[in-house]
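Shown next as structure tokens: one chain only, the form predicted on its own.
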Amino acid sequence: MCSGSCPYGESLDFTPRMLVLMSNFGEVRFTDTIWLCSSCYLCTFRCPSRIKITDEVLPKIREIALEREVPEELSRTLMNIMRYGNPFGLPQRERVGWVKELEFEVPFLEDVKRTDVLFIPGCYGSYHSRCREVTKTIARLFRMMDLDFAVLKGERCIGDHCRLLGEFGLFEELAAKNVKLLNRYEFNKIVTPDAHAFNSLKNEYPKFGLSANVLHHSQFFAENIENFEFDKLDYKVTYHDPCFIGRWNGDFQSSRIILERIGVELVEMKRNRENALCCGGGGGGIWLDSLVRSKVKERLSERRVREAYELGVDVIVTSCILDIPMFEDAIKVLNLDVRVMDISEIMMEALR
């Protein structure tokens, strides 16, 4: 497998490029560093043999590894998802608590039965305090568009991380329950700010009976950009390509279309588009911070924000909701003076 395909480099005793296709996966040597793979798809993208290492080989190896010793953080999080339907172990009723923090009513699809846009914030967009700010910003932008949209009370974790960690049984259970719920109602499209939820809803959920037009929120706003009038922001920004929007789903343009329309000065990082460095949060990485810190000198998120900061930018713009806490934590650790904004947040700030 091609050299330099793992963003963690050569410092680990496991990297995706060391995997070999074997008829007996039980022969693979296991170490706890197998959990560090963030499923960023870089090894798959660069593989000259076009082997889908990330979505075919790695989850099967991790499935075997789940039968052995599992990192405590991961075990606890997966148990929370199984019991409560979210990685935080919080009550289901709190999933839509952000709705009460808005200055207008957001309808629930269970009540109205049909809508144009079904808005699915995902677990982090529903429960994480910083990510909820992004969720509310998107809802406000929908409101400004006079959009017919609704949310679900009964949404559970979409489960993309579970699938990539080899927890196929849990993923299938989540997908089946979510699809059963979704198929009760009528809607024209699903919009989500969670790149991982977007990936599963678009590419995996059809296997469980979902037939829907699924859009990431950056795609939706890029398609409807003419509905907004912006004042030019005097910002120098760089854009981080989320792995599950870019390499996994081939969209490198939607957020750049929005930034061009706003009129900010966009400076590209050296590693961008297909070669963008991962934030480190994918494939369950967002739940394994202590394991990552014990194995590597610098987290991927720290390396990424340092790369951005060295460009002299005011703002790091991203469009995956998981990048926000990953990057803001890294900025605190490195004591850097730079902001992180979701594409929806910079839109809101530029609106006339």
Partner chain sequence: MICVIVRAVPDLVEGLEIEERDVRPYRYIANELDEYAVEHAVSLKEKYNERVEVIGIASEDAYDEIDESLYMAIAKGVDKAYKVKIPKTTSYKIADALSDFLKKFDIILTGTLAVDEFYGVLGATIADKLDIPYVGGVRSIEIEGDSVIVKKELGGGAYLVLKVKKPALFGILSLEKPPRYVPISKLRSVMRSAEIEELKVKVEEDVLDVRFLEPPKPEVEFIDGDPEEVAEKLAEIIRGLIS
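Not measured: the values here are computed from a predicted model. Numbering follows the first chain given and starts at 1.
The same protein has a further form, the form predicted together with its partner chain, not shown here; the description that follows concerns it.
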Checklist entry - Any idea which of 223-231, 162-170, 101-109, 205-213 reaches within 4.5 Å of its partner chain in the predicted complex, heavy atoms considered? => result 162-170
Checklist outcome for this item: The one option of 113, 270, 180, 83 with any heavy atom within 4.5 Å of its partner chain in the predicted complex is 83
Item to check | Option touching its partner chain, based on a heavy atom within 4.5 Å in the predicted complex, out of 78, 158, 262, 120 | outcome: 78
Checklist entry - Is the gap between residue 188 and its partner chain in the predicted complex 4.5 Å or less for some heavy atom pair? => result no
Checklist entry - Hey, in the predicted complex, is residue 91 touching its partner chain, heavy atoms inside 4.5 Å? => result yes
Item to check | Partner contact for residue 51 in the predicted complex: its partner chain, 4.5 angstroms, heavy atom | outcome: no
Checklist entry - Is there a heavy atom of residue 47 lying 4.5 Å or less from a heavy atom of its partner chain in the predicted complex? => result no
Checklist outcome for this item: Near its partner chain in the predicted complex, with a heavy atom at 4.5 Å or closer, the residues from 48-80 are 66, 67, 69, 70, 72, 75, 76, 78, 79
